[in-house]
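Shown next as structure tokens: one chain only, the form predicted on its own.
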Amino acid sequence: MAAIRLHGTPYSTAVARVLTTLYEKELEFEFVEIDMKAGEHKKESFLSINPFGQIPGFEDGDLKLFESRAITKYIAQEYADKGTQFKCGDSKTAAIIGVWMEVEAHQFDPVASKLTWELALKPRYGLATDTAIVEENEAKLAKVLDVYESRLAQSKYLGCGCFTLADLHHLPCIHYLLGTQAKKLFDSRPHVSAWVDAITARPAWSKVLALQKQQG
């Protein structure tokens, strides 16, 4: 049995973030499907991994972790010699990568997650999209992506010249939004568009999408 176990559903943006990192690192792992409708994420066995009852839950031997970004950082550091390196340059470059990881978590994700829910997920559940929330958050995302456009005019990727977690963490929400009217916000900015093309074309991300289809 693999020492690494990831608990969740591949459709979750947080779970997909961890899955992508595991695939980038070419690690063996066991994926444990959590049936949210059946409330498996609220059962004692799962709460022992994530006491908040939210996915993902992660185990590596006797280590138990939750919070997707903390998990991806652990994987990148613990398995630094495997697969994709997720780093380049010196400590100053590492600091810049860290800044853009924070930008994703605090500037991009809160807005992108709201749009993902309204535009991509609500229609799947037969719920009505709130156009006022969409309008407000498209305007907010446009401002964020203006900053990205400026940054990506100077650097192929957000953190440095190579692909890092700062880029990877964006993938799940971007994927959902590319299937909605919000796609125009990415397409209308040439450097952002080229960056999106580069990160979504990665083989590790294709494996996540394949797993989503398989579980679907």
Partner chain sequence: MATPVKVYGPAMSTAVSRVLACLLEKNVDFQLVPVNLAKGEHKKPDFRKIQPFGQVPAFEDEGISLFESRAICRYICEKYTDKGNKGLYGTNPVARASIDQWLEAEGQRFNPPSSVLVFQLAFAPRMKIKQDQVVIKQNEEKLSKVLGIYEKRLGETRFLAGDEFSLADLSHLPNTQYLVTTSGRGEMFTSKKNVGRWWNEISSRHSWKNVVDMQNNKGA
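Positions refer to the first chain, counted from 1. This one's a predicted model, so the numbers in the text were calculated from it and none came from an experiment.
Below: the form predicted together with its partner chain, not depicted.
Contact check at 4.5 Å (heavy atoms) against its partner chain in the predicted bound form: all three of Lys92, Trp100 and Val147 pass. A residue is said to contact a partner when one of its heavy atoms sits within 4.5 Å of a partner heavy atom; Thr180 fails this definition for its partner chain in the predicted bound form, lying far away. For Pro51, a non-hydrogen atom is located within 4.5 Å of its partner chain in the predicted bound form, even though that partner is not displayed. Although the partner is absent here, His106 lies within 4.5 Å of its partner chain in the predicted bound form, judged by heavy atoms. A residue is said to contact a partner when one of its heavy atoms sits within 4.5 Å of a partner heavy atom; Ala120 fails this definition for its partner chain in the predicted bound form, lying far away. None of 171-179, 58-66, 33-41, 186-194 except one has non-hydrogen atoms within 4.5 angstroms of its partner chain in the predicted bound form; the exception is 58-66. Note on the partner interface in the predicted bound form: the residue among Val134, Ile96, Ala76, Val111 having a heavy atom within 4.5 angstroms of its partner chain is Ile96. Contacts between stretch 154-193 and its partner chain, counted in the predicted bound form as any heavy atom lying within 4.5 Å, involve no residue at all.
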